[in-house]
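As a starting point, one isolated chain is supplied in structure tokens, in the form predicted on its own.
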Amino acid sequence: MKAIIITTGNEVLKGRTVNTNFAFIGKLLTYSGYDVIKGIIIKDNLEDIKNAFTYAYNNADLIVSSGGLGPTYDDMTLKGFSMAFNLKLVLNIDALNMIKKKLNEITEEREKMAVLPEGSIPVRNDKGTAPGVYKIINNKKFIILPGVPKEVESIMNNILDEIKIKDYFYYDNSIRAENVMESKIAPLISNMMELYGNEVYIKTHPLGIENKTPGVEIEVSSSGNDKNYVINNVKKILNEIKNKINENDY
């Protein structure tokens, strides 16, 4: 199952805000059974939002977006989403009741956070005001989130049971090789991928300075329905890599 993550916000594109939401969502989806194939960052622009959702719909099974659900004029994610799929925006009573539980006064701007694409399900937000939005279109699942990281985490945890792929397990582990240049062990890693690439994914991460204080972290990841097999296979291949490094002058 493929997933695409969309981030909306001028503040992210210009570097004012670090996109920690992508890291959290990407990790959560990976451990929930999805292959995250792309991340898209777009401006607060209706046409860009519409095009991003359309692209994601055509290329993934699950689409998660963050940003643009607040009460201000530039919070336009739901409008862009509705444009992409010709949906009406309607006042959702369940969403409005969620907001009323947190705010004494409902203004026009606050009510805006309860106007959702028709047929959507509001998702409880335990850390903020705007509820998340869950919508299924032709078996494609959409989760639309606000941009505040704590709210993203809260809503995703509240919807996780609806999207998590059952009987699936993902596992990764790593070893560190001190005083080893990443470029030096590149042929070894390529060879190991040729041998085991259909079972695991092997990735190296350089540590230190390559020609002065080198080091490398070697990560092996795998997934499948058999938890014990996945874990044991990752550990076996990591151990084989470790032994080859120790046996050779790297």
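Quick note: we count residues from 1 along the sequence shown, nothing fancier. Here the structure is a predicted model, which means the values were calculated and not measured.
This next part talks about the form predicted together with a further copy of the same chain, which is not shown.
Considering only heavy atoms, tell me if Met193 and a further copy of the same chain come within 4.5 Å of each other in the model of the complex.
-> It does: once a further copy of the same chain is placed as it appears in the model of the complex, Met193 has a heavy atom within 4.5 Å of it.
Determine whether any heavy atom of Ile202 comes within 4.5 Å of a heavy atom of a further copy of the same chain in the model of the complex, and answer yes or no.
-> Flag for Ile202 set to yes.
In the model of the complex, does Asn225 have a heavy atom within 4.5 Å of a further copy of the same chain?
-> Residue-level check for Asn225: no, no contact with a further copy of the same chain.
Should Ser221 be classed as touching a further copy of the same chain in the model of the complex when contacts are defined as heavy atoms within 4.5 Å?
-> Judged by the heavy-atom cut-off of 4.5 Å, Ser221 is in contact with a further copy of the same chain in the model of the complex.
Taking Gly33, Asp61 and Asn92 as the candidate spot, are all three within 4.5 angstroms of a further copy of the same chain in the model of the complex by heavy atoms?
-> Negative, none of the three is within 4.5 Å.
Among 157 to 165, 78 to 86, 103 to 111, 132 to 140, which stretch sits within 4.5 Å of a further copy of the same chain in the model of the complex, heavy atoms only?
-> Result of the contact check: 103 to 111.
Considering a further copy of the same chain in the model of the complex, which of Val123, Ala177, Val148, Val115 comes within 4.5 Å of it through any heavy atom?
-> After the contact test, the surviving option is Val148.
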